[in-house]
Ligand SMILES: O=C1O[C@H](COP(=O)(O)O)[C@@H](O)[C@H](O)[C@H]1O
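Quick heads-up: it's one chain on its own, the form predicted on its own, in structure tokens.
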């Protein structure tokens, strides 16, 4: 796994714009190299703001949207169209505004599909397996960029501290009893997250500062799930000043004056 690099931006708005620019550049580079690209989305205020900034960017059409696979790191187990679903926010902010191939938008299904949460997790794992290639060396694609938000408790995706999902080696799991509502969710597991080429943890706000410090320390991922958020080739912690306020000044590169 790669060692994290930390980039600090002035505030949450600047952070969202900067991450959007990074996403566009990374997808264009990946498509130039191999014809297609894959992006794993996250929810949360900064995650959705980043997608809105991509949609608003003059550079967005540099991406070949028809040759992009969209995945999710986690989803609330709620019916399609529910305002609390990460998919709903992503569609409103970006996906409905670009020319995507619907077959390449890989949604975690909710209870309206007739599936239980466990069945939905298994179905998503099978979708990942079908998309994986021999060079990925695993049960899921080596995503070009996997975006993750982070909670004040240092959770990423729907992997919460001390919960059984952190020990699970399956690609996708159903999470029950989440400390953050809704209680039932679907989530990628750490082995799949760590199989991505690049993992970008995006966090803003002073309430995340303690979690950021722990995630960049020698903490274990069972107590601090974000400490396990590492990519195969590159790991970025993209922060605003408030969320970076408890890490050593030498650790972060200031990007926005």
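Numbering follows the first chain given and starts at 1. Computed from a prediction, not measured in an experiment: that's the story for all the values here.
The form predicted in complex with the ligand is left out here; the points below concern that form.
A.B. asks: Non-hydrogen atoms within 4.5 angstroms of the ligand in the predicted bound form: do 44, 76 and 157 all have one?
C.D. replies: Yes, the whole trio is in contact, each within 4.5 Å by some heavy atom.
A.B. asks: Can you tell me whether residue 149 touches the ligand? I mean in the predicted bound form, with a 4.5 angstroms heavy atom cut-off.
C.D. replies: Result yes; residue 149 sits at the interface with the ligand in the predicted bound form.
A.B. asks: Check whether residue 86 has any heavy atom within 4.5 Å of a heavy atom of the ligand in the predicted bound form, and answer yes or no.
C.D. replies: Yes, residue 86 is a contact residue.
A.B. asks: Do residue 180 and the ligand share at least one heavy atom pair within 4.5 Å in the predicted bound form?
C.D. replies: Residue 180 belongs to the contact set for the ligand.
A.B. asks: Quick check for you: of 103-111, 149-157, 118-126, 165-173, which stretch puts a non-hydrogen atom within 4.5 Å of the ligand in the predicted bound form?
C.D. replies: Correct option: 149-157.
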